[in-house]
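The chain below stands alone, shown as C-alpha cells; this is the form predicted on its own.
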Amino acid sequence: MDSNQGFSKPSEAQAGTGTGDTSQAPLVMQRDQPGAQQSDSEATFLSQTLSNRGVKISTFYYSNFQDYEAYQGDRYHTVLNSLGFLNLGISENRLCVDLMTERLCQNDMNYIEEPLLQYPDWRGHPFLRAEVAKFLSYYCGSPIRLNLRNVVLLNSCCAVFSALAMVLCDPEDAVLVPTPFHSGFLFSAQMYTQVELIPVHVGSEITNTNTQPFELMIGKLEQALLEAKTKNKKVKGLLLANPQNPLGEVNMKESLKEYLKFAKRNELHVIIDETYMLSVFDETIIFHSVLSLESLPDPNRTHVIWGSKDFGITGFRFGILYTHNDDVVSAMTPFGYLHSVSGITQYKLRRLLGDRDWINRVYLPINHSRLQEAYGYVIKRLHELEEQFGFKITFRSIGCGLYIWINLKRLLEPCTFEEELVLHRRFLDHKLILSRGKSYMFKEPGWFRLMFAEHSQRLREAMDRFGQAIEEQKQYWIQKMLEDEVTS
C-alpha cells in the first residue's frame, strides 16, 4: 500500500509526509500538507538516538505508511464515523467476513492443548505443514504429492520474502522484479535485507517491442540483467507474481516456463508469489501454478509463496513457502524464532485448509460471485464517470485479484509524478485512500490501484468520494490549462 497522508504533527495518528516515495534524503524525515500542488516539504529534526539504518527505516515508514495510520485512527463506520477514511488502497478481501466468521466460530475450531501453548517447530507445527502440503497439492494442481518437509510457515508473505532474500542473497546483491509490483516487497527488502530490487519496466502502450500492454518479454529480462551486470551488480534472483499485483494478470503456462528457463540459463533463483491463486473469479481465466508444471527447469532455485489473502484473513498473519531445496528450508527455519505463528492460530488454519468440502461448496463460489459483483459495480461507475466528465479512464479488465489498475493521466497536466501526487492528495482530502503508481515503481505517471473487494455500502460511498475528487481534479486541470494559455 502507498501511504501519503499529510497532517500537521508527525507524532499524531493522522500525521505523516505525503510522498510515498523513497527518493528523499535518507537521514531526514519530511512532511507535506495535503492538497499542496508541489512537494512543499518541511524537514523535521534529525534523530540523535537512532543508527543510520534506524533513521532510514523510520524515514521510509513516515514516507509510506502515514495514511494507513490515519486510517487506523479514523476508520469509516456507517453510523459511528461516516466521515472517516475509506481504504481502497490496501489489498484486503472484506467481502466474506460473514462466511469466515461463521466457519471460524464452529466447534471444531475451539480446541486447545498443551503443545499449542508452547513454542512450535520454527518451520510451523508438523500437523499444519502436512495440511498445507495437501492443500497446495490439490489447489495448485501438482502432478506429485507435495511434502510437508518442503513447507515453511512464517507470520506473513513479506516475512517469507524477507527471509528468502536474506538466505539467497548477500547484502547489496540484487533481484529482478517486473514493475508495477507489490510495494510490500520493496519495504521488506529495504528494512531487513539490504538487497536491491531492480525494476524491469513493462509499458502500457503497444509498440514494436511491446505487442501487448504490460507484457513481460524475455528480451526485457535479458536487457535488465545485462544492464545490471554492466553496473557491476550481482543479480541473484527473479521475483514474479502470479496472479500479478496490481495488474491482475495471470501468466500463461508457456510464459511461466519461459521465465523459469531464463532463470536457469542465468543461474537465478525464482521467487513466485501466488498469493491470489484462489481469487480468480472469471471462469474463462485458467490459473496455472508453477507447482502444476510436470517438471521445473531448476527445482532447487524455484520457490513459491502463498498466504492469507485468498481467505480474507490477513489478521491471521501467516505466509507459506514451498521449496524443493532442503538447504533453503534449513536456512529459513531459524526465522521462525522471530516470525512464528501462534499455535492456536496454526490449529485453526489446519481445520480451515483441511475443510475442502466447505471451501469448494461454500466459500469459493460465494467469494467469486461477490468479487464479480463488486468488480462489475466499480467498472460501471468508472464508465459513468467517463461519460459525466468527458475523458477516458484506462483500466485493466482482468477477472482476478481484488483490485483494478486504472490510468487517470488525462487528468494530469503536465503528466508527471508530481501531478500524480496532487491527485493522490485530492483523494485523501475526501478521506479516500488509493495506492498510486509511483509506490509500485511504475515509470508512467497517472496510474492508481483501486481495491474493490469491499462491502457494497462502503464501496458505494468510496466511489461517490472518488467521483467528487475526480470532479475537483477536472476543474483544477481546466483552470491550469487556462492559466497556461494566458501565460504562453
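Numbering starts at 1 and follows the sequence shown. Note that the structure is predicted; figures quoted are calculated from it, not measured.
What comes next is about the form predicted in complex with another copy of the chain, which is not displayed.
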Task: Distance check, residue 58 to another copy of the chain in the predicted complex, heavy atom within 4.5 Å - done: yes
Open item on the list: Under a 4.5 Å heavy atom criterion, is residue 348 part of the interface with another copy of the chain in the predicted complex?
Closed with: yes
- [ ] Give a yes or no for residue 69: in the predicted complex, does one of its heavy atoms lie within 4.5 Å of a heavy atom belonging to another copy of the chain?
- [x] yes
Open item on the list: Quick check on residue 409: any heavy atom within 4.5 Å of another copy of the chain in the predicted complex?
Closed with: no
TODO: Answer yes or no: in the predicted complex, does another copy of the chain come within 4.5 Å of a heavy atom in every one of 118, 325 and 455?
DONE: yes
Open item on the list: Going by heavy atom distances of 4.5 angstroms or less, which of 167, 296, 277, 382 would be at the interface with another copy of the chain in the predicted complex?
Closed with: 167
Task: Heavy atom within 4.5 Å of another copy of the chain in the predicted complex - residue from 391, 377, 192, 358 - done: 192
Open item on the list: Heavy atoms within 4.5 Å of another copy of the chain in the predicted complex: which stretch in 255 to 263, 135 to 143, 307 to 315, 383 to 391 meets that?
Closed with: 307 to 315
TODO: For the heavy atom contacts within 4.5 Å of another copy of the chain in the predicted complex, list the residues of 153 to 189 involved, in sequence order.
DONE: 155, 156, 158, 159, 162, 165, 166, 167, 168, 169, 170, 171, 184, 187, 188
